[in-house]
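Just the one chain here, laid out as structure tokens, in the form predicted alone.
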């Protein structure tokens, strides 16, 4: 997190309590959080919702946090780390989200295809799987 504060300073941005707290909260969370979830984890006094949204927009534009769409109404956010990526599985019935630390992640063929067909150099990725969690499967819901 100290490195991220240094990045803010180098970019001429103020290092505020709110920004530092958002970066800390997201760095400590194994799952992406909604803006409301981030605000709930603040120590008192909590900032207003508009302050959280403004800081998330700024931190996203600077590449310090990433917005994640998991097919919900609200976007979620996670800390970014150079070269790091995350995998998740999302239950389509109840919305449960679990982090999935892959033992091995080799998407080099897909990354090469992206580079050759689209000209992009992939620097990281986020991968989501969707299905039904054990609880929903146990309720007799079809997979």
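Positions refer to the first chain, counted from 1. Note that the structure is predicted; figures quoted are calculated from it, not measured.
Unshown form predicted in complex with the DNA; subsequent notes refer to it.
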> Can we say 16, 46 and 53 each have a non-hydrogen atom within 4.5 Å of the DNA in the predicted complex?
Replying inline: yes
Per contact check vs the DNA in the predicted complex (non-hydrogen atom within 4.5 angstroms), the hit among 113-121, 24-32, 53-61, 87-95 is 53-61
Might residue 125 be said to contact the DNA in the predicted complex, defining contact as any heavy atom within 4.5 Å?
no
**Item:** Contact of residue 12 with the DNA in the predicted complex (heavy atom, 4.5 Å)
**Value:** yes
Query - in the predicted complex, residue 67 touching the DNA (heavy atom, 4.5 Å) - result: no
- Although the DNA is absent from this view, report whether residue 75 comes within 4.5 Å of it in the predicted complex, heavy atoms only. yes
